[in-house]
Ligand code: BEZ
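Next up: a single chain in structure tokens, the form predicted alone.
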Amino acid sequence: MPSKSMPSKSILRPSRRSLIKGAGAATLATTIPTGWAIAQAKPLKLGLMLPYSGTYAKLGENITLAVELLIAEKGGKLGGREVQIVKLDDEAKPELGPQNADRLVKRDGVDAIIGTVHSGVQMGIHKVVRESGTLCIIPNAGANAVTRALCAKNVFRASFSNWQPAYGMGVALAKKGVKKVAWMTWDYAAGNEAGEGFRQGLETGGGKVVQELKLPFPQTNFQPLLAQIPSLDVDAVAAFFAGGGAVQFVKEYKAAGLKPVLTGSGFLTDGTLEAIGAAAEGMETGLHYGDGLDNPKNIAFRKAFKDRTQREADVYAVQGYDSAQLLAIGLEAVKGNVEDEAGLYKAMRSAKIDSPRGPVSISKSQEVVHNIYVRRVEKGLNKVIGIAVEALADPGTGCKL
């Protein structure tokens, strides 16, 4: 039985989430304030389940810093409630995903989770939040299934599906008349789903992926794969790598003196340019964000992020910021009452987000809809040079909401 100092929110209505946090508080209803009053008095507990160590550490840090920036801009409150952040390092280890998410939900009693980066870890989170009913906003992991066959009313994505950026870059190459391409990636969900999107985009103009070259995540022994490129007779090599692995891959590709143009998903060069250096100059990639986007929100965001963190904003910071924006839109609509799931999710589904990346909306499968840009690396920046596909929505195949 919960104490009077820490009453359960289950006195509102018996959602699966409130039952997990503690049933039975209804018996105290005559001696304690209403659930609505309690919800307003208690801080909103926001779990950030992200990688704070390993190859994806910087990604997790920038997402976190951007979430904190949005909350600060809102005066420290979302929907009228103070926000208490609970951080958990998921280490980008899929095998720990379910137990870590379960800890946030059951031990820490979070009201919502923003997480994570690694698609494999996301699937573990997804299992827990589907069963518990806890609101989850995905700030990076692009695993297609979570907004396709396994979609859930309490799960939204503010980043991208693995299919989207790679599909856009495939379309862009097809428009250039590129016909034969090799695809390189880590052999895991994100890389494989991005590869499928790239293939479909390239095929819109008659192009073809003639060879797929893969290595296990997070291995970085790229030399055996690079050695195969000269014999493939391709016009380009498209790739999906991110973080420290992307830095090493691009450097080694350029050092090998290979003739096919190197391109691919924008994660190759986003958040990695300083570390890659001159080897990235001139590379073109496809992504939903890029440096030099000339809109007031982006200009203001980049300045605010730099002033607060002494870092340059990147796509991960943008996704973290938009995850927090989406949460704020929902909470403001229900005045902080997270138990009003119908009102909360309705507001989030109909959200029109003023994003640094440009206009953002939410699809029927609760996936982000946004532009995919073509960017060229120029003097240490991913400069936007065009739009590959406007307002691209993931197909949402198999989603029934």
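Predicted, not measured: the structure shown is a model, and the values here were computed from it. The first residue of the shown sequence is 1; numbering continues from there.
The protein also exists as the form predicted in complex with the named molecule; that form is not presented, and the subsequent description refers to it.
- This chain is displayed without the named molecule, yet in the model of the complex the stretch 238-246 from 206-214, 321-329, 100-108, 238-246 comes within 4.5 Å of it by heavy atoms.
- For the three marked residues, 269, 289 and 372, no heavy atom of any sits within 4.5 Å of the named molecule in the model of the complex.
- By the criterion of a heavy atom within 4.5 Å, residue 141 is counted among the residues contacting the named molecule in the model of the complex.
- Residue contact check for residue 160: one or more of its heavy atoms lie within 4.5 Å of the named molecule in the model of the complex.
- In the model of the complex, the named molecule sits beyond 4.5 Å of every heavy atom of residue 185.
- Among residues of the shown chain, residue 66 is not one whose heavy atoms approach the named molecule to within 4.5 Å in the model of the complex.
- Checked against the named molecule in the model of the complex, the residues 263, 154, 132, 119 give one hit for a heavy atom within 4.5 Å, which is 119.
- The partner is absent here, but in the model of the complex a heavy atom of 190, alone among 137, 125, 190, 173, sits within 4.5 Å of the named molecule.
- Looking at 272-305, no residue comes within 4.5 Å of the named molecule in the model of the complex, counting any heavy atom.
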